[in-house]
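In structure tokens, one chain follows: the form predicted on its own.
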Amino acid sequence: MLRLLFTPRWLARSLLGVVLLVACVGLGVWQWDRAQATLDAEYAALEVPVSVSDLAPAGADLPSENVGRPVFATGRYAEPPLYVSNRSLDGRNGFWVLSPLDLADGSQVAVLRGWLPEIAKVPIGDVTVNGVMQPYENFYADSTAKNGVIVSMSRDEIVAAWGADVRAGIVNLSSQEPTLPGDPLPVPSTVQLGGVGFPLQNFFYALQWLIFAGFVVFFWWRWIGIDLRDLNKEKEAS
């Protein structure tokens, strides 16, 4: 077999096989790197803050990929706020404060402004808010508000309190300009950034090139097996 491999014909075939093998593996790695680069670019794009108005129109559902996305909005805190009961901060039980923010287009967005130890009046006024978009809560969906107190930040509760012009999702406040006297204590966000679609086209291209590399090895091995068999037959015949 070694003598056969070192013949000029098989040296040329082996060199061609190595070139093809390196090319196929290299192209496969390149396509995989492109898939990873596409994922990184899409995640980076999702981390750029966008206007609440650009996510979804009033009355529409919040796209899953926008859950956990940084957002900003400029408007005016309005009334009435909603107080979410049985919410703790640093081991103390109290209330989350959910305020409607009136936007320039006439719609509203719910802003989770923070935590209070007890129900108290919260300031209203013109602000620019920055935060993270989180979905509605689905537990205790059949509960009803009592004197502005709710147990779940469900869509039905919020729409019932403020009307159908409320945009989907809740802005978990991280910063606000200007600050207002009596603002609640901020509540840390616990939602994760929504996922992005895996670039299957690049993945399958990478897989395809690796399969081609396997074919190169298979056919090289098959070809040399055929030549060895023919060589042995010639020796037996002689």
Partner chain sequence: MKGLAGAATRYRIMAWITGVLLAVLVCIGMPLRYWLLKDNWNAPISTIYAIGWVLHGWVFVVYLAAALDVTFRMKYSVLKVLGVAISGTIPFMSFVAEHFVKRDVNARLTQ
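Residue numbers count along the first chain shown, from 1. These numbers were taken from a predicted model, which means no experiment stands behind them.
As for the form predicted together with the partner chain, it is not shown, yet the points below apply to it.
- Proximity of R13, F219 and I226 to the partner chain in the predicted bound form is complete: all three residues have a non-hydrogen atom within 4.5 angstroms.
- Contact with the partner chain in the predicted bound form, judged as any non-hydrogen atom within 4.5 angstroms, is confined among 26-34, 183-191, 201-209, 56-64 to 201-209.
- Using a 4.5 angstroms threshold between heavy atoms, L20 counts as touching the partner chain in the predicted bound form.
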